[in-house]
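As C-alpha cells, one chain now follows by itself in the form predicted on its own.
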Amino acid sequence: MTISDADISRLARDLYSWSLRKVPDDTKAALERARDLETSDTARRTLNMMLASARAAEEQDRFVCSDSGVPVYFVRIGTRARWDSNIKSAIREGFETLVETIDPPILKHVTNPLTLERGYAGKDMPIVTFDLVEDADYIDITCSPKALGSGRWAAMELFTFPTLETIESYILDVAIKAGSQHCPPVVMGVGIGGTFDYCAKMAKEATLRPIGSTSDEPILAAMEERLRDAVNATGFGPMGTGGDTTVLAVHVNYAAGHGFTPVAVCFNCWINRRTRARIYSDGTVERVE
C-alpha cells in the first residue's frame, strides 16, 4: 500500500476540525498551574473562564473561539514512507471539504491582501511547509490554524554579531509592544540565526513544542526561563486583566548563519491550537496530539 491523496485529504480535514474544538492537554495543564499560582483574583477568574470554555467546547463538540483562522500545515515526510499523492493539492481538497461540511460553519478569514476580499480560498492557501524525517516510514502532519491572536503580533529584526543581552532585550521589547493584544497567556516562539526565511520558520515551529519541555541547548534553556519570568513580570496578565501570567512558555530555536543574525518572535494565543498525526505507508493513522 501507499499513502494516497484521499488519505492526506481526509487527515488534513480532520486535523483542522480537531484543532478548533480542543485545547491541547499540555496547555490546559499549564492554564491550571497558572491559575493555582496567580496572586490576582481577576486573573484567576479569567483563567477559570478559559478552562471552562475549553471543557465546554470538548463536551459540546463546539469551537473554543469563533476566529477559526486560516489553514496552516507543517508536513514532515519520512524518507522511507511510500506515497503516491500530490500532497499540497490533497491538503487543499481536505480544507475545501471541511468548509463544505463542518458544523458549525466557519467564517471567511482567508483574505486577499491586495483587494481585502475575504473568502475560503486564495493564492497559496492553505499555507504548507515541508521538511524531511530521515529513516521514517510515515508522513507527519501538524495543523496550526493562524488567527488574529496567533498571527498579528509577530516581528523580526536583523542584527550584526549581537550579544545574548541584545537578543533578549529585543525579544522582550516585542512582547511589551504586543501587550495583551494576542489573547494571553500565550506561547512565545523565537528563532535565532539562519537566514531571514529560515529564522521565521524556526520561530513558528518553536510554538509547537510541548509546554514543559526545555531546549537541549543549555544556553537557550536558561534564556527561555529568563524570558518567561521577564514577560510575566510585565503584569499584562490573562487577556490583559493584569496578573502574573502573560506567557505560559517561551521556546527558542537557533541555527548557525552568517555574522548577520535574524531574530524572529511569534505567538500562539491561549488556545494554542495545534493538532498532529502521522500517517504510515499502510494507511494507518496515529494521532500524536
Partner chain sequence: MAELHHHTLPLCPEAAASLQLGDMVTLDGPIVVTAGIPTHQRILDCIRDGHNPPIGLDNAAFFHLGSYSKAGDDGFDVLYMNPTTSTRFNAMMPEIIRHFRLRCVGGKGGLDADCAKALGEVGGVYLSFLGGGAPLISGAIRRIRQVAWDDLIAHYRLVAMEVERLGPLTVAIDARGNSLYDSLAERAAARRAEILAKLASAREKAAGS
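Keep in mind the model is a prediction, meaning the values are calculated, not measured. Residue numbers count along the first chain shown, from 1.
Although not depicted, the form predicted in complex with the partner chain is the subject of the following passage.
S.K.: Would you mind picking out the stretch of 199 to 207, 125 to 133, 87 to 95, 102 to 110 that comes within 4.5 angstroms of the partner chain in the model of the complex, counting non-hydrogen atoms?
M.R.: Among the candidates, contact is made by 102 to 110.
S.K.: Flag residue 115 as yes or no: does it have a non-hydrogen atom within 4.5 angstroms of any non-hydrogen atom of the partner chain in the model of the complex?
M.R.: Heavy-atom contact with the partner chain at 4.5 Å: absent for residue 115.
S.K.: Spell out, yes or no, whether the shortest heavy atom distance between residue 57 and the partner chain in the model of the complex is within 4.5 Å.
M.R.: Residue 57 belongs to the contact set for the partner chain.
S.K.: At the 4.5 Å heavy atom threshold, is residue 66 in contact with the partner chain in the model of the complex?
M.R.: Yes, contact at 4.5 Å.
S.K.: Quick one: does residue 76 come within 4.5 Å of the partner chain in the model of the complex, counting heavy atoms only?
M.R.: Flag for residue 76 set to no.
S.K.: Tell me, which of 253, 46, 261, 27 has a heavy atom within 4.5 angstroms of the partner chain in the model of the complex?
M.R.: None of the other options qualify; the answer is 46.
S.K.: Exactly one residue in 158, 121, 148, 155 has a non-hydrogen atom within 4.5 Å of the partner chain in the model of the complex; which is it?
M.R.: Residue within 4.5 Å of the partner: 148.
S.K.: Across 153 to 184, which residues bring a heavy atom to within 4.5 Å of the partner chain in the model of the complex?
M.R.: Heavy-atom contacts to the partner chain in the model of the complex: 164, 165, 168, 169, 172, 173, 176, 180, 181, 183.
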